[in-house]
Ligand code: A2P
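First, one chain by itself: the form predicted alone, in structure tokens.
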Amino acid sequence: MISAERIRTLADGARMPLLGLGVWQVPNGEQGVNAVRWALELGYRHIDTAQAYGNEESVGRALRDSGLGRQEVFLTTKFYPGHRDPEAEARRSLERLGVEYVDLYIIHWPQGGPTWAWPGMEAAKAAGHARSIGVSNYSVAELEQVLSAASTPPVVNQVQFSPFEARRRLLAACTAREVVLEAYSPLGTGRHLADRAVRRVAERVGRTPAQVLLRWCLQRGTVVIPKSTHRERIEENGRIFDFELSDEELGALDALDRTNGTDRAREQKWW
């Protein structure tokens, strides 16, 4: 059982752990199985994968091997918008994962426009394939379009977010609309760990740069999903609930933002 202070309640009532393991760029096979297995052994109860990652089978195998009940792990996958039917693709994800449902199913990016896939996402939820549905890489304008068209609104927007990509206007808009912002690449795929300002804060609080970056995300109101395939790093990343950053330390990290507090989810599209 995860303590209440480590849980975020979504607008639809679902309970999402604040910390998860992301498996972007983790190969399908033993490396993927081990990363998820280690995370679950170390107390993580939130795993984030995607159809585009090609590693849903490994996530499912690790879940089965863990001995944990399905209801004990919050599981996310993402609809690849190069396909046309979110509900059909959700069924295929469930087959690869070996589960009856995912806790969260999100549109990976707004390819082809932000709204066309949403009816299929709602169909996936109605069919019981997903308990909650959301989006990823959506700007405020794109999120507004989905909210205007939706019968069932998205409850999560997963975006690149860190002190260096502190999308303040996007975060504020999500918060105002009861959409939880979930931070991916909070460590900048490792780039941010060597930053001098981050290291100064880490030295001051007696923590690692990774722990400081992840703690900043939590204190700025996001859910966070760092990726690692190393057991010691996964363990380190999990130790972020027993300290707090001061207002001064938060401010020093806020000053690193390179987005000018944008309301966009990406500085440039990859699709």
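So that there is no doubt, residue numbering starts at 1 and follows the sequence shown. Note that the structure is predicted; figures quoted are calculated from it, not measured.
Beyond the structure shown, there is the form predicted together with the named molecule, which is absent from this document and is the topic of what follows.
Is residue 148 one of the residues lying within 4.5 Å of the named molecule in the predicted complex, judged by heavy atom distances? Residue 148 lies outside the contact set for the named molecule.
I'd like to know if residue 226 sits close to the named molecule in the predicted complex, meaning any non-hydrogen atom pair within 4.5 angstroms. Residue 226: yes, in contact with the named molecule in the predicted complex.
Using a 4.5 Å heavy atom cut-off, state whether residue 187 contacts the named molecule in the predicted complex. Taking the distances in the predicted complex, the answer for residue 187 is yes, it comes within 4.5 Å of the named molecule.
Is residue 41 close to the named molecule in the predicted complex, meaning a heavy atom pair under 4.5 Å apart or at it? Contact with the named molecule, no.
Please determine, with the chain shown alone, which of 228 to 236, 241 to 249, 198 to 206, 54 to 62 has non-hydrogen atoms within 4.5 Å of the named molecule in the predicted complex. In short, 228 to 236.
Name the residue from 218, 33, 50, 210 that puts a heavy atom within 4.5 Å of the named molecule in the predicted complex. Selected residue: 210.
Identify, from the list 193, 123, 88, 172, the residue with a heavy atom within 4.5 Å of the named molecule in the predicted complex. Selected option: 193.
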